[in-house]
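In structure tokens, the next block holds one chain alone, the form predicted on its own.
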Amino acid sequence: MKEQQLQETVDFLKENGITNPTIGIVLGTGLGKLIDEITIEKEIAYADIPNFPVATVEFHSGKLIYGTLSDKKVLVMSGRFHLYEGYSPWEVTYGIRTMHGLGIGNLLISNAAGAINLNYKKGDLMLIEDHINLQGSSPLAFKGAGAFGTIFADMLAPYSKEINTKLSEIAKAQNIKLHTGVYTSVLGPQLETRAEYRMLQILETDAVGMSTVPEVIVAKQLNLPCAAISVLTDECDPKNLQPVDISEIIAIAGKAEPKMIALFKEVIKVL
């Protein structure tokens, strides 16, 4: 059933001119400006794609964009899905399986996250080198998941060392501060308590968010090399915790976004 659903989606998109993307990109909260850099050939709203979930978060636009960036064919998910919206892990990762079905060979992911490592400041970027899944679920835990690859996906290196090395080199060359660290994914949508932030510090987490990990697990099942960058939008110091203003988080993501766009544009050239 799920294979058939996915095939219908892939066939529809191929019929609509999305034929040979080489790189898939997922844009996180407040990180939609990369689209302005793309020579767009096709733009299809999620609502118009058979079997595709529809983004419900107000600052996620909800469309698939196909075009050229840095001389490569890219397919961009502008708007992602979260478990906290009530989607199943299958729906949350449906876009990744769709892009893979259309032929992408590499995946780049972005997200907005809170800095747990107190040496990291809001507005900084962090390259994810490992993660902790605290969402209480797996996108590979469903009946028939083995049809898409092994359900016992090896998570020794969920993030491509090759792409990460390239991103680090580009950041250095462009004088962009790029931390590396561990991202922990929680369910949300509520933000963390001071006790939870202390727990995350004990777990040696560097940044916390509510996305990305399910997408990376599916990429791993599909043997799809991926890399992910967090834009750090707030500082989660349990000893000096301030109320969080979502509009401020979006504004900080917007300010830091040009650095992320510069990294993505350059790495796409060499992938």
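The numbering used is simple: start at 1 and walk along the sequence shown. As the structure is a prediction and not an experimental result, all values here were calculated from the model.
Here the subject shifts to the form predicted in complex with hypoxanthine (HPA), a form of this protein not shown in this document.
Contact annotation: hypoxanthine (HPA) lies within 4.5 Å of heavy atoms from the stretch 206 to 214 in the predicted bound form, the single such stretch among 34 to 42, 206 to 214, 63 to 71, 221 to 229. Heavy atoms of G95 never reach within 4.5 Å of hypoxanthine (HPA) in the predicted bound form, leaving it off the interface.
Contact annotation: E192 falls within 4.5 Å of hypoxanthine (HPA) in the predicted bound form, judged by heavy atom distances. Hypoxanthine (HPA) is not shown here, and in the predicted bound form it never comes within 4.5 Å of any heavy atom of Y87. At the 4.5 Å threshold, heavy atoms of I249 reach hypoxanthine (HPA) in the predicted bound form. Among the residues P139, G181, G79, G114, the one placing a heavy atom within 4.5 Å of hypoxanthine (HPA) in the predicted bound form is G114.
For the stretch 234 to 265, the set of residues having any non-hydrogen atom within 4.5 angstroms of hypoxanthine (HPA) in the predicted bound form comprises D234, C236, I249, in sequence order.
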